[in-house]
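First, one chain by itself: the form predicted alone, in structure tokens.
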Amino acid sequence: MAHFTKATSVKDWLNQRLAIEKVEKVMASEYWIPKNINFLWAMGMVLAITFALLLVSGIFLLMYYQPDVKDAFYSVNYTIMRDVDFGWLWRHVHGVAASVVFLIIYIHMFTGIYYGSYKKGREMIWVSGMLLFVTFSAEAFSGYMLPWGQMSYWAGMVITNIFSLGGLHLDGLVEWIRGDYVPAQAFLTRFFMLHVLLLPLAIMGLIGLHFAALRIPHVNNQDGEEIDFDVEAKKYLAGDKASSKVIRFANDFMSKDLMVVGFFLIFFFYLVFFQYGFALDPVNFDPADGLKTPAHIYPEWYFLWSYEILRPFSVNIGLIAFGFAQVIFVLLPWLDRSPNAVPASRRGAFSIWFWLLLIDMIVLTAMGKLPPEGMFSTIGLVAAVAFILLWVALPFITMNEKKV
């Protein structure tokens, strides 16, 4: 049985029962971060702050939103935007955060690829991060349905049709997901539940897993240097902070994190007050109408690259390519056969592969917003094929890479 003594303070009483000091050391004051990192390592904290903004603004919107096909559109565009004091502000915060969070995710993801932060025992960090990406994508999609505007309805129609799996004609699965033959009340109610309850809980659980996965191998650094964290931590604790290669997570590293967060919030609220239109599709300001198809149906910008991989091919091939694009990033730690966990700039052919992948995804994103006609259709097809070939080539590019 645990030994308890007479507590000298409330903190001591809690510490004996909850091990507060031990948790604080493990998670903060004795969790060590390499010194040789840059501002890109702050993107995790920026993501956490953005998720908090989404939660808080979502709670305020939830107070007035009506998950009913007859009232949803008007509760968002009239009640919240016009009748509720500062309702417009909370909607702008929520809409901008839902879009900006993916910009930060992509920066965070490509930073990890560039610096090889998925290698040498850090596989679970990468896998948990990719699971977070998928869950955030599902959260964004379910939230896009809730205003029940034209693009909400038809994007829901198109995306759920993917689950028929082309030539397999699994129409019964599509109807089961929708709860009806077409998106209607059951569809809206289910996606409302996913958006406000199930998926946020999953995201919070995965954030916990992601931080836990960081605890053992520690974060990578911008030089790819192998650091003996135990030795360097002893130097730091002994007072030799100058020669130690590590700093505390709290409050040394967090002070740098918060500076980056401060700059991010300036940028974020500039968008909220002056450039919020990019996060609100003009087609979605028309009420959902199942008898009137928009001239051009497309998802939000952060889904456009994968949508463009689906679009240029025939149905069955397109679905295979789309599925390939959804899972291939998760497999990166095993596709990259190189022993090096250093910046891409020091990895020869991999550096070319990295920049080609980044450029290709930007091209796919741009083409996904345009109608699939003429030259745009050809560029989209070439970019989609290039994406697949780049990933097929990766193991062959990296398997003979020399140790740096």
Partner chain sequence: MHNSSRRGFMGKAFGAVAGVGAVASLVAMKKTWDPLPSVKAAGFTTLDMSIYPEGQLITEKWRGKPIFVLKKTAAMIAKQTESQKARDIVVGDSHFMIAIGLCTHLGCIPAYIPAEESFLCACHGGMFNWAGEVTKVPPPRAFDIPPFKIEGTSLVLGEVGPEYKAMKDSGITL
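Numbering follows the first chain given and starts at 1. Note that the structure is a prediction, hence the values are computed from the model and not measured.
The same protein also has a form predicted in complex with the partner chain, omitted here; what follows describes it.
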>> Please tell me whether the candidate spot formed by Ile177, Arg190 and Gly290 is one where all three residues come within 4.5 Å of the partner chain in the model of the complex (heavy atoms).
In response: yes
> Pick from Ile216, Val158, Leu197, Met259: which residue has any heavy atom within 4.5 angstroms of the partner chain in the model of the complex?
Replying inline: Val158
> the partner chain isn't shown here, but in the model of the complex which of Val84, Leu265, Met254, Ile297 has a heavy atom within 4.5 Å of it?
Replying inline: Ile297
>> Against the partner chain in the model of the complex, would Val182 count as a contact residue? Criterion: heavy atoms within 4.5 Å.
In response: yes
>> Does any part of Phe313 reach within 4.5 Å of the partner chain in the model of the complex? Heavy atoms only, please.
In response: yes
> Should Pro67 be classed as touching the partner chain in the model of the complex when contacts are defined as heavy atoms within 4.5 Å?
Replying inline: no
> Might His169 be said to contact the partner chain in the model of the complex, defining contact as any heavy atom within 4.5 Å?
Replying inline: yes
> Can you say which of 218 to 226, 236 to 244, 159 to 167, 92 to 100 gets within 4.5 Å of the partner chain in the model of the complex, counting heavy atoms only?
Replying inline: 159 to 167
>> Under the 4.5 Å heavy atom criterion, name the residues of 368 to 397 that approach the partner chain in the model of the complex, in sequence order.
In response: Pro372
